[in-house]
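Here we start with a single chain on its own, the form predicted on its own, put down as structure tokens.
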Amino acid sequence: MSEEVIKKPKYVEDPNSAKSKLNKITSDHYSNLWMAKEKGEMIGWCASNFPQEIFETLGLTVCYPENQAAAIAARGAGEKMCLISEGDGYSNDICAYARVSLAYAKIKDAPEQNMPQPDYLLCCNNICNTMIKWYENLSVELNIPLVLIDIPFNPDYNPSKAEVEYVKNQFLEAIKQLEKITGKTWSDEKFKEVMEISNRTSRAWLKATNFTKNTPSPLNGFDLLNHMAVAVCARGKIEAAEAFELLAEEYEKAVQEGTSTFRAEEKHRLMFEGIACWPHLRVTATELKSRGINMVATIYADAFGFIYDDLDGLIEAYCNVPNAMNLEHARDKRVAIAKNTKAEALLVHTNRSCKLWSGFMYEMSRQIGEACEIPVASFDGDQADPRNFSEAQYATRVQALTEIMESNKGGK
């Protein structure tokens, strides 16, 4: 008698789940770009923290080199793209997102994540000043216009009225520039509608991320890093607001039912600092999961939730992103997140690409550790270049944190 082969049923994701809807928004984002390009519409390449309310109101079609670079790196082609840029003379000390993007602008093809070439560029340096040179070089090499909004680093705790006014004037000038470049016309009524949707999306996103405060958390914290792409590329679209509202409903239901997308016993809770190490995302997530550690806190996800009441509030929100605020303000925001989520340790990604973020994290992480009375460890890595990460070093640092967290729990 022959043995029958019993096959496990193939997992089919619920098309009505928040995850499916969010994945569809991301997929549609890229397919819509290609359809727009085929119709002859102008395509913009946009920095992730450029005020999306401007191009949403004007009805422009844009895509995000940072999202593309993260996707390319996560799918294994980060080193290949970086080497192309380095072959053209760009130093490997430059941000890997920039190197991937400059390579893509040259070769115009990356099966890991293709997107149309740009007709204009939208840059904002509230992330870092590397953005300016990156986009300036794209502008020169592709011979296309660049619209820049300068948001300076804020040495004070909150943006001053003078800074808000300075940035607001550029916001209004950017609208005029884009009207001239694209032939589109601004509508104040449409702007109010976009602001309303953007706030709705942001509130739902921040509500969803806040569910990690529950013990155990109803979600694997690394889910936030995947869903965050929608908060970047579709914040002003109604389908994003609805999908995040559904995500928050699902997490609330999971809390009530005691279920979680973290597929292990949650023994420890950890705050992860910095941009994800996309080339080694599976390794970094699995090492934590194998030890029962859930990532419940990260400022990186919350950075794309913008809440405001009017134009001045909008400008102030974009002046208050994590990389544009001073150390004291940045520390206090992280301390609040760590305490709210009851994080037991802080794991810092010392990201070679992000000099600004990693540079002040040495002192900031020390202060966070003291304020929250939690251990701190760091590991070397990169957001897109796989060559700057050591799996052995990462495992050693996580092991050390685990032993301290276990000791602290034993002591208590």
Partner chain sequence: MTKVNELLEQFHKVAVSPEEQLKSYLSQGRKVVACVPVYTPEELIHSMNLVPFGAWGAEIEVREAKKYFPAFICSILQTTLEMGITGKYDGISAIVIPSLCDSLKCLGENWKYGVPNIPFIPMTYPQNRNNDNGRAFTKAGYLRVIDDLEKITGKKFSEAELAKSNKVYNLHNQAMRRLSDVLVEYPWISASQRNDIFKSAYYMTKEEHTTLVNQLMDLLLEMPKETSNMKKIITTGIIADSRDLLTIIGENDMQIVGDDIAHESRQYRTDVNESKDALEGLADKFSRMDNCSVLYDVDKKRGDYIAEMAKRTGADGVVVVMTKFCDPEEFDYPIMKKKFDAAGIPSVLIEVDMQMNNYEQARTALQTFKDMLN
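No experiment lies behind these values; they were computed from the predicted model shown. Residue numbers count along the first chain shown, from 1.
We do not show the form predicted together with the partner chain, though everything after this point is about it.
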query = Taking E136, L327 and R352 as a possible spot, do all three reach the partner chain in the model of the complex with a heavy atom inside 4.5 Å?
reply = yes
inquiry  = Taking 4.5 angstroms as the heavy atom distance cut-off, pick the stretch from 292-300, 333-341, 145-153, 309-317 that is near the partner chain in the model of the complex.
reply    = 145-153
inquiry  = Looking at F191, F222, Y90, Y120 here, can you tell me which has any non-hydrogen atom within 4.5 angstroms of the partner chain in the model of the complex?
reply    = Y90
ask   = From the list A377, L60, L356, C372, which entry has a heavy atom within 4.5 Å of the partner chain in the model of the complex?
value = L356
ask   = With the partner left out of view, is E363 within 4.5 angstroms of the partner chain in the model of the complex by any non-hydrogen atom?
value = yes
ask   = Heavy atom to heavy atom, is T26 within 4.5 Å of the partner chain in the model of the complex?
value = no
message = Quick check on C277: any heavy atom within 4.5 Å of the partner chain in the model of the complex?
response = no
inquiry  = I'd like to check something about T215: if you look in the model of the complex, is any of its heavy atoms closer than or equal to 4.5 Å to a heavy atom of the partner chain?
reply    = no
query = Though the partner is not shown here, which residues of 153-188 have a heavy atom within 4.5 Å of the partner chain in the model of the complex?
reply = F153, P155, D156, A162, E163, E165, Y166, N169, Q170
